[in-house]
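First, one chain by itself in structure tokens, the form predicted on its own.
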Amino acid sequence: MIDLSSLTLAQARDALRRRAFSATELTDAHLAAIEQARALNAIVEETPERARAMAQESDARLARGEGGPLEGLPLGIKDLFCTAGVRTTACSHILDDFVPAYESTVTANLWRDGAVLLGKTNNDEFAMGSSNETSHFGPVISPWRRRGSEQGLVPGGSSGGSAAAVAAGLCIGSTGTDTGGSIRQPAAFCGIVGLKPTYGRCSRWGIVAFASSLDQAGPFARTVRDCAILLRSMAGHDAKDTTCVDLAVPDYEKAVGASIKGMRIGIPKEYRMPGMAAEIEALWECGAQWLRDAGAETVEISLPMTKYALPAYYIVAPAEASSNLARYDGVRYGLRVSGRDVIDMYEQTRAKGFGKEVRRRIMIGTYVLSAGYYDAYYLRAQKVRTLIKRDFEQCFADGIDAILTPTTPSAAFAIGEKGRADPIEMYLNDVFTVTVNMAGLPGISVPSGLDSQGLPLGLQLIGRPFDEETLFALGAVIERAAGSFTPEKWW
């Protein structure tokens, strides 16, 4: 008998339409998988009753021939997306018991198209982290292990729960948010596909904000095709979000398998970092060769402002975070810790409600926005951001269709291995991904190989604004050449 939790989203969609099994059976298989995988700590809020009710409604629609594009497909939703009637905490103590009365636009689009909510996935607190170790609910454990080792690994962050859940077969797809690499990095660490769309392609309304000019929702799935299917439902204009573009949403699935013959792929020389692992370098060249074999041309390009991207990002993002998180004061919603007066109540609430990493970033952000430092830090970082964007624009103007880079500087690392003594060590994990957010471009990570210890590695493709279709076409070529990667079950 087929293992329903091992199907790709496209396989399950097509089988449901043939009535090979029911949406209820598919949902039950994934709920059972979640129960057996609690050791991963990937799901922080399970919704089995709601999932079964939604699946039954999907079965009724399918029986009438009225199924939507995602009818009956069970998904995990990052705990940053507000879900009406379902606890949404951003994995922070300060929002322990927050139950929204409204639905985020992205999740509303998914339910409109027939998807089923399995539960809310774990993430770094307020999406601040690169390893999913800052969550108030504890770290997510990757479904992957180093060959011959029992040591727990991180799944990447901040969307680590979403990535781990897809890789482990707990859901057929999931949502994430990407502020500096929080979809692409965990996708690479977990051996799955993750897409960060162009800024403005998906509405941010109803998503707990980290850095508003950088945040963007996107999909996780096991294949490029599955991500294309999910993005079509997630994307679309939303009048409630003034940064959401009013552009038609293409049928992204049609781009999967399209010819890439004649495309020019940029290979940025600045991404060849000193000390880069030889296996990362070799994988990068292998990916370039796969694209050449499919008819594309690779061209060395220069993105000179890349070296300033990481420090500029870690000024802009904390600055916006310090402003966005000012609303959590114990007055309107969330945790309240009593104090001697209202100021003391604010201080006590925020000190107890926020974790260490969130407090660190709030302090950095407040500092760079303060009188006397705004011009020296924040304004200068925004100027650097403009120059980073200009680098990409020049490359695309010169006829480059997309850019190929590694997704991460290494494979997944052990829990507790990085960042405790020096936070900058953790921040360096974003070195290949932050430029995409700073420039507002689309980027996709595709699993491309295994390292010497048997852990997955990903390659990143960066595209022109609102040209996700090219990324899907190129990503499918890499996916076909590299094959798929599945962790050996230990949980």
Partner chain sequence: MAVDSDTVRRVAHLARIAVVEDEVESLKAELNAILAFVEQLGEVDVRGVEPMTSVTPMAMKMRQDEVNDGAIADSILQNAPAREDHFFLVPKVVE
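Residue numbers count along the first chain shown, from 1. Just so it is clear, the structure is predicted and the values come from calculations on it, not from any experiment.
Unshown form predicted in complex with its partner chain; subsequent notes refer to it.
- Proximity of Phe98, Pro311 and Tyr346 to its partner chain in the predicted bound form is complete: all three residues have a non-hydrogen atom within 4.5 angstroms.
- Contact annotation: Cys395 falls outside 4.5 Å of its partner chain in the predicted bound form, judged by heavy atom distances.
- Although the partner is absent from this view, Leu70 stays clear of its partner chain in the predicted bound form, with no non-hydrogen atom inside 4.5 angstroms.
- Though the partner is left out of this view, Asp241 does reach within 4.5 Å of its partner chain in the predicted bound form, counting heavy atoms only.
- Not displayed here, its partner chain is kept clear of Met276 by more than 4.5 Å at the level of heavy atoms in the predicted bound form.
- Shown without its partner, this chain lists Ala258, Ala351, Ala282, Val299 as candidates; in the predicted bound form, only Ala351 has a non-hydrogen atom within 4.5 angstroms of its partner chain.
- None of Tyr377, Trp290, Phe137, Trp111 but one reaches within 4.5 angstroms of its partner chain in the predicted bound form through a heavy atom, and that residue is Tyr377.
- In summary, the region of this chain contacting its partner chain in the predicted bound form, judged by heavy atoms within 4.5 Å and restricted to 264 to 272, 241 to 249, 172 to 180, 146 to 154, corresponds to 241 to 249.
- Residues of 464 to 484 that come within 4.5 Å of its partner chain in the predicted bound form, judged by any heavy atom, reduce to Phe466 alone.
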